[in-house]
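First come two forms of one protein chain, each written alone as structure tokens, so that there is a structure 1 and a structure 2.
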Structure 1
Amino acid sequence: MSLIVQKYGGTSIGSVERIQNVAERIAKKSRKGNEVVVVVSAMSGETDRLIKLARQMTSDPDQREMDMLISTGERVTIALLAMALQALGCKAQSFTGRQVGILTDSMHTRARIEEIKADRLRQALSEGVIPVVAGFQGINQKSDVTTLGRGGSDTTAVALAAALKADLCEIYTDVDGVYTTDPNIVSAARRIPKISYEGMLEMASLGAKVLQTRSVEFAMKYRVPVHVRSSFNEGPGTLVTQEDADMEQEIVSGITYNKDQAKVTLVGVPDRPGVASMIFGAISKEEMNVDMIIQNVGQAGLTDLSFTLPKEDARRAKDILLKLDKELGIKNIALNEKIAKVSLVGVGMRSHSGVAAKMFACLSTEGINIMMISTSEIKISCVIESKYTELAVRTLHDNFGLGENQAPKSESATG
């Protein structure tokens, strides 16, 4: 008998019929003698709808109230799925994050799980009940509801799998695995049968939304095997696990994009010691995560400085800088929300040169201007105008030979 945590994303449970289909899949798994814990998201579009409602009340909603609001989508789906399972003759019960003891810090809308007291879940399992747990939510020390950041149900699932020492965490979604790039943008994208935690972490943190970054961190830390699969077919999916010999070691293994960031440019910043520290100190005090930073060579005691950060923080960052401006006398502060970061990911880049030059050449052939560049041993990222994202991803995917008919056929399908 195996203990399996299954997570179903928004599209997979986006209608009554789909919830019923999911219930049948769970019932089948359970009837085969497995212990199953289910985690669900809100119905597709629901969390966005709730966020829009909040914005109609105020342009800057209180984060505690925001969590109270956006955690409700998952309460709907847990109850409906539990009912659907009961209608199939299964013993099932729904649980909120609080009820299963998911304890987080107090960073509303982006809280981190600190502890899971899974006693109630263990009790339910011992009684033969299939627990259906609300993803994306927990509570802080004051018992206020918190949420784990967009896509956070993945993290709930992997964290529960770790806490329960489950044999496997299955992430059911609307694509049948992790691909070389978003298959909804590039139809020639190729499914990756097996990927290392490290490779997946890089893909996720650079924008591959198929798994939330935190969920991969949990999986890696607690060695939870994660199987990404489609909830609409029985395909073999992608196994995310420890690196092994039959994993691909491509120079470039994937292309990702991230449209959730904005660029702030400060023109005419005094070019003297302590200024960068003042600027980024003020930003980090507000718990905002800056990603890329570039500074131009100074002239006449002044320089220009640009950085990127999540769009949701950008306006607040600009306000903070406007306040600092009195001390610093910056000439102009501009905000550009129409940017995207496109990245090449691959462990093989460590030992190969020329990858960056080829990337820049591909983008320039398409007439795409590069605004910022950042590199690490295993990735290269370029910031471009967001309207060119799809074009950039397609051309890079094609030129780096990642397509279905281009890649080496070393499939070691799992499943």
Structure 2
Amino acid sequence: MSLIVQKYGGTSIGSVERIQNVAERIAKKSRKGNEVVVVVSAMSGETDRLIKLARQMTSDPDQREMDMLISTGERVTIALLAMALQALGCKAQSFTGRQVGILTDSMHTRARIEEIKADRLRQALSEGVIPVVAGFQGINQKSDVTTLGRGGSDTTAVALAAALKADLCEIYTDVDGVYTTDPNIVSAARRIPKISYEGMLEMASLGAKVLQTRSVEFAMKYRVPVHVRSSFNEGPGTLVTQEDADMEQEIVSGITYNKDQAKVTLVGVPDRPGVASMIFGAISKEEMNVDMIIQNVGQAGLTDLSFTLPKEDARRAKDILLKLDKELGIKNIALNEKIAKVSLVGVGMRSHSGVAAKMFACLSTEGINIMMISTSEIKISCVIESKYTELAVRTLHDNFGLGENQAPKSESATG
């Protein structure tokens, strides 16, 4: 008998009929002798509807009240799914984040899990009950409701699997696995049967939307096997697990892109110790995450500094820097929101040379200029003009042999 945590996203439970179909799937798994814990999101579109209501009340809603509001979507689905399971003859019971004992910090609308007690879940499982848990939410030390941010139900599911020492965490969504790139851009994109935690973490952080970044971090830390599958078919999906020798045979396993980025450039920044600390310290205080950073060689005591961050934070970051301008005497602050980040990911890059050179050559052939470059052991990212995103993705996917009808290349890539 295995203990399995299953998570179903909003599309999977977007209607009464789909909830009933999910209940059938869960019941089938349970009747095979498995212990099953289920985590669900709100029905598709519900969280957006609630946010829209809040915006009709005020342009700047209180974050605590926002959490109280948007956490209600999952309460609806856990109750309906529990009812559907009961109608199939299964013992099932719904639980909120508070009832489960999901304790978080106090950062409303983007809280981080600090502890999971899960005593009530263990008790329910011992009584043969299928617990249906509200994803995306918890409580802080004041017992206020908190939410985990977009995609937080993935994090809830993996964190519960870690706390319960589950044998497997299954993430059911509207796609049948992790692909070499977005199939909407490249029709020949190939499903990846198995990918390492590290590779999946890079892909998630660089724009792949199949799994939420923090959920992969949890899985990697606690070694929870995660199986990404479709709720609409019985396909094999993608297993996210520890790295093995087979994974290293492929130089590049996937290509991601992210258009939700902006570039801020500071021209004429004083080139002296402490200036960078002032700039990024001010941005950090506002809980904004900077991605790439490039500083030019200083001349005449001045330098230029560029960095990227999420587009939603860009204008706020510029306002913060304008306040610093009086103190630092920055000559100009430019904001470019028409950029995209395109990335190659693959654990095989550790042992193969020439990948970066080949990537740059591919982009150059198509007349695509590279504005910024960032690398790690298993990824290379380039910032380009957003209008070239699809062309860049298709070109790189083809040249690195990732298509459905192409054999993945394991020989050394040269540029």
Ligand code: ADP
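All residue numbers here follow the sequence of structure 1, with the first residue given the number 1. The term rigid core refers to the maximal set of C-alpha atoms that superpose within 1.5 Å between the two forms. Given the structure is predicted, the values throughout are model-derived calculations rather than measurements.
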Structure number of the form predicted in complex with this ligand: 1
Q86 C-alpha shift between structures 1 and 2 of 2 Å or more, rigid core reference: no
Rigid core superposed, CA of A23 - does it shift 2 Å or more between structures 1 and 2? no
After superposing the rigid core, is the C-alpha displacement of M107 2 Å or more between structures 1 and 2? no
Shift of the Cα of E337 between structures 1 and 2 with the rigid core overlaid, in Å, rounds to 5.8
